[in-house]
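Let's start with one chain on its own, the form predicted on its own, as structure tokens.
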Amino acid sequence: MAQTAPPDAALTAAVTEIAAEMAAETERGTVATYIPQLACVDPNQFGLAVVTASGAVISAGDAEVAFSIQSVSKVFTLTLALGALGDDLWQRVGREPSGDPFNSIIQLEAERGRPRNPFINAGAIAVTDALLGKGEPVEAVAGILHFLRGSAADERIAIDEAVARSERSTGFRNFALANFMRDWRIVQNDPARTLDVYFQQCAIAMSCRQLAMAGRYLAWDGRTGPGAARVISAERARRINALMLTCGHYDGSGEFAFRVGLPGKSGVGGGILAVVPGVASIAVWSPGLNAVGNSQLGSLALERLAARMGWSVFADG
């Protein structure tokens, strides 16, 4: 998609206006309660950060507050697993939208243990298992953090250990998914070892600013900015973006594509990473979720931002 980055002044005005509009919204969704630590988060928070081609970070609201990125982490572990295994990864996970809840086990049983895509829980667990390989969980977690810190240019990014413990204590469905896939040899490690990595990656805490910075390589064809150092190949960046567009919001992916028109990945912590190819990397956060588990205000804010800036990938360049 050929796009020209808008003047930062226009973008600053749009970001400021949208943050004010979100502050006035009364329908804010419901925080995730099945992970006890997430149930404690104040639902009145909202943050938005945009990184432009010039390297400017334009933000508003609670953009510096760290939150649990949860399933947004799946974008980064997919990137790392593709780097380690290449296209062999697709033997263990598909590339199609699921149409089912993110933690569904029904589809796995019908499709012989191979998850439909890498962004539902089963698919992400399979990706994490592939990334773990024959190594140790502590090494895999360290590698994920190293990649995120480098991509975001911020060494402060860390795991929220309280959230990780909360994930482990309530992750019964994820244990069931991992064990079912182990039976089909999709998961090849002890499920407990794989899930140790998975729970920690989901518990990584980042602010909107950090998350938008970390996503830059997806906005600029595998580079952290125009002409900057290459993180992954342009082809791989485009394919990850395609999966984000079609599968990044669980069974709300079609609605997000229809309303926002950008590649994006959500998490039940209320964060969303979105990409405007060639133009910007965006992160938004508001803890209240809609009926399909995506941030209520985050989705609305991105819809308004894309409309005001003409950023849909389906718009004329």
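The first residue of the sequence shown is number 1, and the count goes up from there. Quick caveat: nothing in here was measured; it's all calculated off a predicted structure.
Keep in mind that the form predicted in complex with glutamine (GLN) is not shown, yet the notes after this line are about it.
**Q** Determine which one of 54-62, 30-38, 280-288, 255-263 lies within 4.5 Å of glutamine (GLN) in the predicted bound form, judging by heavy atom distances; exactly one does.
**A** Selected stretch: 30-38.
**Q** Find the only residue in A126, C202, L218, C208 having a heavy atom within 4.5 Å of glutamine (GLN) in the predicted bound form.
**A** By the 4.5 Å criterion, the partner-contacting residue is C202.
**Q** Just checking whether N117 would be counted as a contact of glutamine (GLN) in the predicted bound form - the rule being heavy atoms within 4.5 angstroms.
**A** No, N117 sits far enough from glutamine (GLN) in the predicted bound form that none of its heavy atoms falls within 4.5 Å.
**Q** Using a 4.5 Å heavy atom cut-off, state whether T79 contacts glutamine (GLN) in the predicted bound form.
**A** Contact check for T79: no, nothing within 4.5 Å of glutamine (GLN) in the predicted bound form.
**Q** Whether V268 contacts glutamine (GLN) in the predicted bound form should be assessed with a 4.5 Å heavy atom distance threshold; does it?
**A** V268: contacts glutamine (GLN) in the predicted bound form.
**Q** Applying a 4.5 Å heavy atom distance criterion, does F67 contact glutamine (GLN) in the predicted bound form?
**A** Close contact is absent here: in the predicted bound form, F67 is far from glutamine (GLN), nothing within 4.5 Å, heavy atoms only.
**Q** Can you name the residues of 46-79 that have a heavy atom within 4.5 Å of glutamine (GLN) in the predicted bound form?
**A** Heavy-atom contacts to glutamine (GLN) in the predicted bound form: Q70, S71, K74.
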